[in-house]
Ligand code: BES
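Taking the form predicted alone, here's one chain by itself in structure tokens.
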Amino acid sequence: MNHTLLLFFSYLFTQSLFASGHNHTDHNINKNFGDYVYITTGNDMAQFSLEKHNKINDLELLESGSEISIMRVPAQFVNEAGHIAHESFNRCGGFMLHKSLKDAQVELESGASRSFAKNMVFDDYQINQEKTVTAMISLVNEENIIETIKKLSSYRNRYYQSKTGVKSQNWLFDTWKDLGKSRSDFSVKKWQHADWKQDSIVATLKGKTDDIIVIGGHADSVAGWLGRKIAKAPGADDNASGIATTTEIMRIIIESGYQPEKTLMFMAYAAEEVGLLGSREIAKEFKKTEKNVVGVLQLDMTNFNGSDLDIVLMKDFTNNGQNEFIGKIVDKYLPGVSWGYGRCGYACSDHASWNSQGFPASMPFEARKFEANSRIHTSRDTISRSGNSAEHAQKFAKMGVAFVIELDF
């Protein structure tokens, strides 16, 4: 059988699974969210889904705003929505999953908060910690990043409802805890989520003030769109690379003995791939408890160098001033590293959760969106795709260290 026919019959088979009701929905979505769920997604993805996928999926467009739409969809469509976001829009997330229509409507109506987060001005744009930053970025170690990527990608998958998704977070918890064992101002906790198995991991280096700087990325990984609990999803780039980069930033700051003015929080979010669930829960709690988050750095895919630009700052659903601040940091501390701007659409990663709650966030990305690693969400997302190197991720680690130090003052 030729390759084209094989793909065609494979497509018919998977479509028939949905048509006959034999789907691979995660049962916890049905249990905790119901047979039908609500998602918010970009208007472009909502219209695409209705036009291309409504014949065998009972999709309903409920409301639309200037940027995003609310859809009521069968629970089994959640995995397919992730597939659509990746394959057709090159978005890692691409939607937010909601327990109720009311919750989705709050997100739709949060345009004022998103606009505020996008346009709020930093108190101080000066970059004046050259001595400290230069010394600390020289400590970035590529081998550390490689080893963390290899360890995380050695799990069969890091899906938010799989045993290995739980085990990988337990390993990360122990690793982060060990990094800070010599410091009394450092702590790590598992942020437990009631509706799924995988914890988010949150590490805190206490500062002199209650102002907070957040650095993080999502820890889960997926492959394909059927049977995700058992699928092979090493997720080396998406997003072991971002977690490895975050870990290296943390290691340098801790081991250098740096005493921050602001409180630094490092986060590895659960369940990003199924609607930004982990980061949404955390960001909403921070908003509810009136935490003063002055900056959020989202590291989602840092190790595949696919563009002429080394670092691409996403302009949509991020903070204009903070993006400009990061560009200045790259210019000053990473000579020869090129950067520019791009767009990735609504809810393409966890920065969108913070943006929706009115917090300033940025997402520096490994390449232009349609030049990024094409093997993510497959069994081939391994470190070999990046030449068994972390050379590209090193740039993001150095940028992240500089971002923390300069924003701390």
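All figures in this text were calculated on a predicted structure; none of them were measured in a lab. Numbers follow the displayed sequence, beginning with 1.
Although not depicted, the form predicted in complex with this ligand is the subject of the following passage.
Within this chain, Ala240 is remote from the site of this ligand in the predicted bound form, having no heavy atom within 4.5 Å. Using a 4.5 Å cutoff between non-hydrogen atoms, Leu276 counts as a contact of this ligand in the predicted bound form. Not displayed here, this ligand is kept clear of Val37 by more than 4.5 Å at the level of heavy atoms in the predicted bound form. Remark: Asp300 counts among the residues lining this ligand in the predicted bound form, judged by a heavy atom distance of 4.5 Å or less. Stretch 374 to 382 is the contacting one of 354 to 362, 37 to 45, 62 to 70, 374 to 382, since its residues have non-hydrogen atoms within 4.5 Å of this ligand in the predicted bound form.
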